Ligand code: OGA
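Okay, so here's just one chain, in structure tokens, the form predicted alone.
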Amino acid sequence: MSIEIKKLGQAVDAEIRGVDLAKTLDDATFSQIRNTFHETGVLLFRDQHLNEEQHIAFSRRFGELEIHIAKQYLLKDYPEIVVLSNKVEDGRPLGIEDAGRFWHSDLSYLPKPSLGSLLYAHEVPPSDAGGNTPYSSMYAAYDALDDVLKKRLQNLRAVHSYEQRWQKDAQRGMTREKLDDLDRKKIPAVSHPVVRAHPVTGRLALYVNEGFTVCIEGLPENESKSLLEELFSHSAEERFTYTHKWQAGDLIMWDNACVIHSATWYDPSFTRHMHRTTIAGPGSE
């Protein structure tokens, strides 16, 4: 199969054209897609028409799939899919309405951080009604640091916590349902290197994010906060980013080991309904 690869951003992502993900891809085509994914960090596939089985099947070719801790938002009969949606049925949200409105890497709070995520748009607001998604290359963010700061970060580790993110969201009045005690015990805080070697490519990337990174181990609180704020601000600079304007039928996949992303506000009078699968990471540090 012949496919076309079009570069989109300055530092991250490409569009793959000429491929129908509803069909089983031959090994050579899939290998080309997988290699491009690891080279760029974000891949866009436009005008796809996927059912749940097809979405899961394509995702699973990249590795084992994660089952999200927020089980109330998993798609019925398809626990591999977490629903991001503002739809309400019988008075209950079908999915997470306000997910990820901060820069983050999906599931960085796990001992084995996620390798990738695949988000498929079923319904989205019109382009002038908001809901765009910016992505930022943590490869490029790391490469742009000066040598002094790189040396300072070399052996540091940072703590990542899902519960602290939930607590912040609750304080801001966001709509996520409360975690029960059993769920809390399943996701204790973990630490990862501040500069992490990609588990597939070996390339170095910053691995902190404002969504889930709590502090840097071994540093006084003020110093840890100041350093993290500097890294958060740096990694979100426009020169490292690509912002995607969604269309129904888009599937975007991103590499959580070297890319952060953020959801943005959209007009709630429009429907936004998406399905996401998540590829498990190959190991912990």
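Residue numbers run from 1 along the displayed sequence. Computed from a prediction, not measured in an experiment: that's the story for all the values here.
What comes next is about the form predicted together with ligand OGA, which is not displayed.
**Q** Heavy atoms within 4.5 Å of ligand OGA in the model of the complex: does residue 263 have any?
**A** Residue-level check for residue 263: yes, a contact with ligand OGA.
**Q** Can any non-hydrogen atom of residue 254 be found within 4.5 angstroms of ligand OGA in the model of the complex?
**A** Result yes; residue 254 sits at the interface with ligand OGA in the model of the complex.
**Q** Given that ligand OGA is not shown alongside this chain, does residue 104 nevertheless sit within 4.5 Å of it in the model of the complex, heavy atom to heavy atom?
**A** Judged by the heavy-atom cut-off of 4.5 Å, residue 104 is in contact with ligand OGA in the model of the complex.
**Q** Test of understanding: in the model of the complex, would residue 133 fall inside 4.5 Å of ligand OGA by heavy atoms?
**A** Although ligand OGA is absent here, residue 133 would touch it in the model of the complex, with heavy atoms inside 4.5 Å.
**Q** Using a 4.5 Å heavy atom cut-off, which of 235 to 243, 214 to 222, 255 to 263, 34 to 42 contacts ligand OGA in the model of the complex?
**A** That would be stretch 255 to 263.
**Q** Quick one: from 119, 110, 153, 200, grab the residue that has a heavy atom within 4.5 Å of ligand OGA in the model of the complex.
**A** That would be 119.
**Q** Taking 4.5 Å between heavy atoms as the contact cutoff, choose which of 74, 204, 99, 187 touches ligand OGA in the model of the complex.
**A** Checked against the cut-off, the match is 99.
**Q** Would ligand OGA be touched by all three of 84, 272 and 276 in the model of the complex, meaning a heavy atom each within 4.5 Å?
**A** Yes, because 84, 272 and 276 each have a heavy atom that approaches ligand OGA to within 4.5 Å in the model of the complex.
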